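There is one chain below, alone, in structure tokens, taken in the form predicted on its own.
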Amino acid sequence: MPQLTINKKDLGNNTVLLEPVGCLDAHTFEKMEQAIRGLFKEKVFRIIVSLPLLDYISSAGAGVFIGNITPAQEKGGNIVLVNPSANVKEVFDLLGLSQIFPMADDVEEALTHFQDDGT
């Protein structure tokens, strides 16, 4: 069964970095869902998801981000994706998510996506 570990780092300024490691699919998406919903409960809506260590993402895994970007944006935040692996980037491209989600090469660049929207 696929495994997913999520490392969490508080970057200050109401921004959190999530680093999923492993596979984000139908078996593990609930773990990512709980991580993001937990941040929302803590009133954290500026979420950076660093993806170079995510080996695989399915449409169910991508659905977690799709389902949570609107609530984040409604609260003045966003979900910014950083440095996805080639496999993950391909899935985002195929699903058309590269147009929806801000993408960045590193965390510093990701932070600029929040400053741009006045928060």
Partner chain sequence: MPSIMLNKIERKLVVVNETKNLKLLRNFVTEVSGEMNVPLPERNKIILAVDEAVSNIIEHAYDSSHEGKSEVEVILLSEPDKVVITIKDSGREFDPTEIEDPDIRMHVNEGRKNGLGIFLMRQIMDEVKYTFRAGVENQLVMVKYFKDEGEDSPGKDFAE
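Predicted model only: the values in this text are computed from it and were never measured. Positions refer to the first chain, counted from 1.
Not pictured, yet referred to below: the form predicted together with its partner chain.
- Within 4.5 Å of its partner chain in the predicted complex, a heavy atom is found for not a single one of 6, 40 and 45.
- Residue 67 belongs to the set of residues with a heavy atom inside 4.5 Å of its partner chain in the predicted complex.
- Remark: residue 25 counts among the residues lining its partner chain in the predicted complex, judged by a heavy atom distance of 4.5 Å or less.
- Residue contact with its partner chain in the predicted complex: residue 78 places no heavy atom within 4.5 Å of it.
- Put simply, residue 58 is close to its partner chain in the predicted complex: some heavy atom of it is within 4.5 Å.
- Using a 4.5 Å cut-off on any heavy atom, the residues of 89-107 that reach its partner chain in the predicted complex are, in sequence order, 90, 91, 94, 95, 96, 97, 99, 100, 101.
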